[in-house]
Every structure is written in structure tokens, then in C-alpha cells.
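Shown below, as C-alpha cells, is a lone chain in the form predicted on its own; questions about how it binds or moves come after it.
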């Protein structure tokens, strides 16, 4: 509390949020014979391209459900839950409600699903996903033992809820440096986020920018700050959301928050961000050279496929039949055919001579690029259009109050901050994409009419 008070005294807006967790169970005490197993990916992706032989032991999760008995126990003891007794008043994560909240809000539901997730390689302990709770320990025992497969389960760690202070993230620059206190960077839960990945991503960006602020740079990276945009990474989406919009509840990153999510895929992260990693000294020359080679190979393969004309002649139809592929009836390019769902790696190599020598990683990227080619082109065009607009200059004497489509809040903030470009305007807290669209139209009219707004 002393630290929170200190931050408030320095002019930062401090709020309060809530988070919670579920009980953990001893694996040996669970009756798995009554539960439904759910297995992971047969070919799980690797975290690093340097990992070669990757065949981890796959441990299944198990599905079970709450039931009317479970619900009756919880309903009878709601007054003992801090969220309902008034002991905790702050807002919790909307997407991970406590079991008490679910039972209270969704009285018509006869059951709620629970996933038992192994916590250790030996499966000695399980996490009960979906059963976040702050009920007293003895009530948690009753709740657990009312659930199918958990009748004799031993709780190794009880669930709990806590409140914590956070700084409203609109007080931050996109570098995660506080606006009012130079050289103070905030990252993680203090910025109103929840989740390990969200915290790690912020820590990475704050650390890089703090290092750059100290003047520590590599020969390849001479910029004073490092900011990822919304079309470059989910990190960019998250930080932009936080510093521009703020949050009134624990923030979690979802793919639905990103308008360019088709381009922001797990499989192409190193292709999107590899140049930055190398420039910042996080990727060595050898790995970066390999990455550049692969990028060149992908571009070359796509160029050939786009300019390839495939007709439904006898040879083509025979090759498709030999690969157990459906025939084509009309002329098409290589991108269309390579993007088919039925084409596996070996089929692509067999049909397209230009793809025979590509390694598996490159071929996977070519396959994805072909499958979503038209959609990727549309998103790329949209990004290019927006980037061209970001450089639109805003005259310093521009009369924002004369723009009918802007709300009072937007007019006040734009008049106060006097952004020089649309990009700078987008960084102002409370300025929405709709505001920017209206502003762009009026700036265009302003330039076209020589400064006369109709």
C-alpha cells in the first residue's frame, strides 16, 4: 500500500482489481476411469527452431462437470465468499469468473465443465480449470468431493482470491515509460493485465526500451525507442489497447482484439520479428542468415506459383489422380492449387517441381500463404493504406471544434495535445478509430480546399 500511495502522490491514477485461482489436486487421488480424456496435438509445435528431435511425452487433460449437488453446496455458502460478502469489491477477470459467480449468474445451467490439467511431468498434481474459488477451505473440500471422479480427491493447494493495485495504463507511453515520471517503466499486472504471457511480453518491451533510454544500442539498431505496431505483433495490439484505451478490468490478450490477426500467426512470428531480434542483438548472424534465406525462398516460390498457369489437360489430370486429388475443371494458377486442403507436404513436392528442394518449414509457409492468399492480400492492402494515412500532417492551427463528426471529448483532447500527424493522434487516450477516420476525411478536405472546411 505504501508503494501505491507513493505512485498516487506522484500523480498516477491507481485502481484496484481482483484475481483468483482454483484448487490443485493430488493426481494419485483422482479416479480417472470416470473422466473423459482429452489429448494434445499429435505433432506439437516447437518454441525454438533450434529444437530438432521434439517428441515430448503427451499427458492428457481430463474433462468432468459440476452438478446440482455442487451448485447447492456453493449456493448455500455464497455469503462466505469474499466476492459476495463485500470483503472484496474490486473487478475480476470477465473471461475467468469464479465458480461462485458462475453458479450465481447462470442459475439455469445444470452443470459447468471443468478441465483437469496436469501441473507436472509426472502428473502428480492437477489444476482444476474452471473452478476458481475463494470459498473457505472446508467448503472447497465439499465442492471437490461432490464432482464425478473427484469423490476422494486430495486438495494439495486450496483456491483463493486476492485484490491488487494497478496503475491506469493510459499514464504510459507506448514504450511503457510513465508520462509523468521520466525513466520509470511499468510492466505486468501493475498495468492492469492478467496472465503470464501478457506480463512477460510487457517485461520484454519495457526492458528493451529502458536499455535504449540508457543509450545502450547495437550498431544495427540506432533508434531511441522500440515500439511494435498493431499490424506487427500481438504485443503491439496489447500495449496499444492499454495505453490508448486503459482498462477497467483485468486485461487479457485475445486474437479477437487484433484487426490483422490473419497475419499475426504463431507460425510466422520469427519471419515477422526476426529482423528486429537480430538488430537488437537477440538473434545471432548465423540464425538471421538462415531466416533471410528462407524468406527469399518463400518469396521466390510464391512468385513462381502466382505466375504458373495450370490447365486441365490429360497430364495434369493424371498427376492429380495419382495423388488422389480431385481434378480441376478450369485453368488456374499454382497458388490456387497449392492452397487446397488435401495437398500434403509430399503431394506438393510431387506435383510442383519448384517446391521439391524446400525444407519443411519453408514449405509450410508457402502452403499457408497459398491457402489464405486472397485474404492476406486484402489485409496487407488495408495495412498499407493505414500506414500511408499515419503520415498525414495536421496543421498546428487546425480547428478541431469545427468537425461535426467528432465528439466533445475527442475535440478537447485533440485541441489540448495538438498532434502533428494522424499517428500521434492515434496515441492519445480516448481517440477512437472512428475519430481518426472522421479526422482523416476532414484533413483531406482541408488540404483540397486550401484550408476551408465546409
Ligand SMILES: Cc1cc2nc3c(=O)[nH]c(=O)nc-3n(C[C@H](O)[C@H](O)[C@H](O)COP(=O)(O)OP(=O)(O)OC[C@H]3O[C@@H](n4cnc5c(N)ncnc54)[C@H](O)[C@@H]3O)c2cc1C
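On a predicted model such as this, the values are computed, not experimentally measured, just so you know. Numbering follows the first chain given and starts at 1.
Below, we turn to the form predicted in complex with the named molecule, even though it does not appear here.
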| query | finding |
| --- | --- |
| Which of 233 to 241, 182 to 190, 315 to 323, 144 to 152 lines the interface with the named molecule in the predicted bound form (heavy atom within 4.5 Å) | 182 to 190 |
| Answer option from 376, 199, 302, 213, heavy atom within 4.5 Å of the named molecule in the predicted bound form | 199 |
| Position in contact with the named molecule when the complex is considered in the predicted bound form, options 271, 127, 260, 221, heavy atoms within 4.5 Å | 127 |
| Residue contact check: residue 162 to the named molecule in the predicted bound form, 4.5 Å heavy atom | yes |
| Touches the named molecule in the predicted bound form: residue 20 (any heavy atom, 4.5 Å) | yes |
| Touches the named molecule in the predicted bound form: residue 80 (any heavy atom, 4.5 Å) | no |
| In the predicted bound form, residue 6 touching the named molecule (heavy atom, 4.5 Å) | no |
